[in-house]
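Just one chain is shown here, as structure tokens, and it is the form predicted on its own.
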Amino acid sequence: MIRKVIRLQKEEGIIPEGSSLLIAFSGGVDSVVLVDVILELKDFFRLKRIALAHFNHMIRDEAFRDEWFCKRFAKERGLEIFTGREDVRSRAREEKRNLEETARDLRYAFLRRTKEEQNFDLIATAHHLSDLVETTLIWMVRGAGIEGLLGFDPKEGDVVRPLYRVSKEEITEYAKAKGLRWVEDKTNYDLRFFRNRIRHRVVPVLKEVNRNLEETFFRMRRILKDEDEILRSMAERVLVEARVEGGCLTAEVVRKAPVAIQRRVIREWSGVRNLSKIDQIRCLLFRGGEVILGNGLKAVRKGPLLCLKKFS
């Protein structure tokens, strides 16, 4: 497993030399192994500073037990730890939002706030190859183009994922072999959550068919990413040619492009990710009308131009 982390760094260079690293730490097996590996490879990465950040979602009865475990773990390893708390369930209810989405947004807001206030360069998360498989399957079920099927990258902005090429099975084996301690999050087994149903019901069946499922998905992703780069460059050229003053698009220019490029141009121009909405906007290339996008925005075709307009 260590070799896979080293290989990722050598090939992708996700952590620049001399970086200060803030590790998102839940106390679960994934984040415990991430910390252990980073400490093992501290000299290899040539890190300037390492610290942990734990966000207490206050959802489960064990949440404060987990926070205590994280603080003790940091003390035993001689690491700084920054903690934050928020009643995520109440926030989700107040804002009428999905619990998982609210938890993620609040957690990342805490991580980025801590990163900025404490002058860290990067945030490291324990996302791994099995997470990538689950994310790809989720997007596949919901309906997605290549962008969705690519899942996530080993580095996205200020977030790095050193365990990107490591499977969950390898992580667990590493933790047991080294006698590491961690806490279990019971919500990871709650089948009311869509990701958990993918993880515990769908993935095991697929692995009966292909025991090397994670590696197969990783190879597929590399192929899709190569093709995505070509399509992206084509779409960028069309977008530059079609864009006019005021941020509008010349419909005829976009209309001449292949359908796949039309969709990409519209996605980049509008910021819309929903494929159904993108196709509704694409219809405006051929006729007049408007499409309500939400958040006070609509796409409007009038004359030769396709424009984004605000409305109240």
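In this text the structure is predicted, and so the values were computed from the model without any measurement. The first residue of the shown sequence is 1; numbering continues from there.
Here the subject shifts to the form predicted in complex with another copy of the chain, a form of this protein not shown in this document.
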{"property": "V205, A177, V240, A109 - the one with a heavy atom within 4.5 Å of another copy of the chain in the predicted complex", "result": "V205"}
{"property": "Option touching another copy of the chain, based on a heavy atom within 4.5 Å in the predicted complex, out of R197, R89, K168, K71", "result": "R197"}
{"property": "Stretch in contact in the predicted complex with another copy of the chain, which is absent here, among 123-131, 230-238, 91-99, 154-162 (heavy atoms within 4.5 Å)", "result": "230-238"}
{"property": "Contact test in the predicted complex: R264 vs another copy of the chain, heavy atoms, 4.5 Å", "result": "yes"}
{"property": "E80, heavy atom within 4.5 angstroms of another copy of the chain in the predicted complex", "result": "no"}
{"property": "4.5 Å heavy atom contact, D226 to another copy of the chain in the predicted complex", "result": "yes"}
{"property": "Residue contact check: L275 to another copy of the chain in the predicted complex, 4.5 Å heavy atom", "result": "yes"}
{"property": "Three-residue site I2, R49 and E117 fully in contact with another copy of the chain in the predicted complex at 4.5 Å by heavy atom", "result": "no"}
